[in-house]
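In the form predicted on its own, a lone chain appears below as structure tokens.
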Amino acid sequence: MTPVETDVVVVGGGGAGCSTAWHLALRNTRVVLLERGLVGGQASGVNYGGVRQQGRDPAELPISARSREIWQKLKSLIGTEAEYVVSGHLKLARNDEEAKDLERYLEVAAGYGLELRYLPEKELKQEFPWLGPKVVAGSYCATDGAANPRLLAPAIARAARDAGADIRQQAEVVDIAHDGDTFTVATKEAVFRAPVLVNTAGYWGGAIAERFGEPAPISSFSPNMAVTEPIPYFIVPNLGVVGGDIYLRQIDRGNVIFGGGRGFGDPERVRSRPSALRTMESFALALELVPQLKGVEVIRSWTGIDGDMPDHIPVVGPSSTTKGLFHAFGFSGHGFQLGPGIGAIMSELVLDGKTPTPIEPLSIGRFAG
């Protein structure tokens, strides 16, 4: 078959990949995005939906701030806000050591211009009287929030297509080659040639990197998610805890979305399913935070496949071995908020050779040797 010549091939249609294609197309770049299933079908579309800066590793905070600027303008940029709301993010401590962890992070956040408000137990319970007795302190970020992950990647993909990108779903990559100047990327239906390849393939991005001599120690996991029946709305902020074993938020329709633990995933077959036991364990933890949830029915659970790095921060940046290859994968369960900003950064790396956003700590070179 005759190869399709283009400027950039993006492999992986999650939030980062769709945003990369969108930002490249906005700059009049010929770009083809290849997604083995449907855009947003894995981690980007089946996550909790937290849009937060609080609690991130310092290496992610510059990207998170960059991304938040895009989130704030999302409706005017892509035609929908993907149910994005700035509800605030309340991170909770359940013992004194966890409270100290919250206090230590205040200084980290301040160094990156992120404003947090520490709430000791008395003040916390006055402001949020529905919190349970096991909660002893909290840290509140007023500028954080949440959105609907089912909506984001498809909306960005539509915007990318409208800007001129070639978005191909059900297009599994079966071979990638590089002759020193040009990448040849094959699916079962077509072959594409481009001087630039952007690897945003989630867990499977590790295999692409390894193909080019830079293995990354990525592992797969399936975050276990669930949602309750609708109840009267009272939980305004997005809730998290030190340690991350439970997180929950209530949407304005009344349903409470919560997550914790892991389901079951088979990356080879691209199949996953939630765990009923993990769902019950997570709901027990949710009840400790919000006792008023007692007796509420859980109506659905789900999961997907994500990629986790040993240091729990992603790989972002140029390849250390191959000219024209760029990586953005391994977001370790917290890439949803970063996706729009990652696209802007990747487009700058591809077209300008640099980005004003610091990404050095995220280099794939940190795993060399």
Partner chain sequence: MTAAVAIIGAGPAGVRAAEVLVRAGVRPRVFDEGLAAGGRIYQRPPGAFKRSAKELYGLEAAKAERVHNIFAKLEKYLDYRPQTLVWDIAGKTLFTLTGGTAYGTETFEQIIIAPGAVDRVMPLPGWTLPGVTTLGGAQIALKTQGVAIGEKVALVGSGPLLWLLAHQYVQAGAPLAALVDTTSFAAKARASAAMMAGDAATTLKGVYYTATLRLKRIPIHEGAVPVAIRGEERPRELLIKDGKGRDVTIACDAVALGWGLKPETRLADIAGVPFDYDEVQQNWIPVREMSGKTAVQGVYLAGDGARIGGADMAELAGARAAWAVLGERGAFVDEDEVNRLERALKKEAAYRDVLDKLFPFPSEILAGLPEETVLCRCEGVSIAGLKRTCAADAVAMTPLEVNRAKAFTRVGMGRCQGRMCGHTASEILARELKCGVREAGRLRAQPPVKPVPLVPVTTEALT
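Numbering follows the first chain given and starts at 1. In this text, all values refer to a predicted model and were calculated from it rather than measured experimentally.
If you look for the form predicted in complex with its partner chain, you will not find it shown, but the lines that follow are about it.
- For the residues Thr182, Thr187, Ser219, Thr80, the 4.5 Å heavy atom test against its partner chain in the predicted complex is passed only by Thr80.
- With the partner omitted here, the residue from Val242, Leu197, Ile167, Ala146 that has a non-hydrogen atom within 4.5 angstroms of its partner chain in the predicted complex is Ile167.
- Mapping the unseen interface onto this chain, Phe258 counts among the residues with a heavy atom inside 4.5 Å of its partner chain in the predicted complex.
- With a 4.5 Å cutoff on heavy atoms, Ser301 counts as touching its partner chain in the predicted complex.
- The shortest heavy atom separation between Val39 and its partner chain in the predicted complex is within 4.5 Å.
- When contacts are judged by a 4.5 Å heavy atom cut-off, Glu229 counts as touching its partner chain in the predicted complex.
- With respect to its partner chain in the predicted complex, the three residues Leu277, Leu287 and Glu297 uniformly fall within 4.5 angstroms at the level of their nearest heavy atom.
- Only one segment in the set 90 to 98, 202 to 210, 167 to 175, 121 to 129 has residues whose heavy atoms sit within 4.5 Å of its partner chain in the predicted complex; it is 167 to 175.
- In the predicted complex, the residues of 143 to 172 lying within 4.5 Å of its partner chain by at least one heavy atom are, in order, Asn148, Arg150, Leu151, Pro154, Ala155, Ala157, Arg158, Arg161, Ile167, Gln169, Gln170.
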